[in-house]
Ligand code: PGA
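A lone chain, given as structure tokens: the form predicted on its own.
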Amino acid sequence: MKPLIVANWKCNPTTLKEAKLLFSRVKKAGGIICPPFVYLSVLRANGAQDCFWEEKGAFTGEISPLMLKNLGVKYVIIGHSERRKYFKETNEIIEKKLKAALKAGLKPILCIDKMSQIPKNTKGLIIAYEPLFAIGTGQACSIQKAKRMRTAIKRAAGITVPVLYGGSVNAQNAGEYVKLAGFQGLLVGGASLKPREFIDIIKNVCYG
């Protein structure tokens, strides 16, 4: 299986012009691009950063999985640590979102920091291990620890469930997480906003 490289743009960039320019520079390299919701229809990106657990209704400000599917989105990040921290998302809320995404035909990328965040039913999921200390800090997890966690996640979730690594990924360490630690891909945050860096990550992992 070809490694999955996922770009999480988070709440960036601030203008459509910047988003178009960034997307035009990285789209040919491949990968799953997850921009903010407001840019999805214009960019025709294949990934989203979150979704709600209902298909439709009186839920002001929410985006349903069916809306994403209708825009051509294939993948959706669910349970990112920033959603858990700032928006108080619990395991129960996240599991509702996972079920809704799967029902709509999306491929959820479930972010976890610890084993207790893995749901009982992992069929159809992609799991991204993102240690909290590594997210946005520049302090990436050691290859040895990351490998131990990948092994534990596989044991708990099932050998067929793809497991990605995320947390201060850059062009220098990206290849090691796939080739040495055995991850099936990467979830890239800050580096995905730098076209040259993101392209180099894809090259080092997929073609290096």
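Start at 1 and count along the sequence shown; that's the residue number. Keep in mind the model is a prediction, meaning the values are calculated, not measured.
The form predicted together with ligand PGA exists for this protein as well; it is not shown, and the discussion that follows is about that form.
For the candidate set Ala104, Ile126, Ile112, Ala134, a heavy atom within 4.5 Å of ligand PGA in the model of the complex is found for exactly one residue, namely Ala134. Among residues of the shown chain, Ser168 is one whose heavy atoms approach ligand PGA to within 4.5 Å in the model of the complex. Of the heavy atoms in Lys10, some are within 4.5 Å of ligand PGA in the model of the complex. For the chain shown alone, Gly190 is a contact residue for ligand PGA in the model of the complex, at least one non-hydrogen atom being within 4.5 angstroms. Although the partner is absent from this view, Glu95 stays clear of ligand PGA in the model of the complex, with no non-hydrogen atom inside 4.5 angstroms.
Just one listed stretch, out of 49-57, 168-176, 24-32, 145-153, contacts ligand PGA in the model of the complex at the 4.5 Å heavy atom level, and that stretch is 168-176. Contacts of stretch 110-132 with ligand PGA in the model of the complex, defined by any heavy atom lying within 4.5 Å, are made by Glu130 alone.
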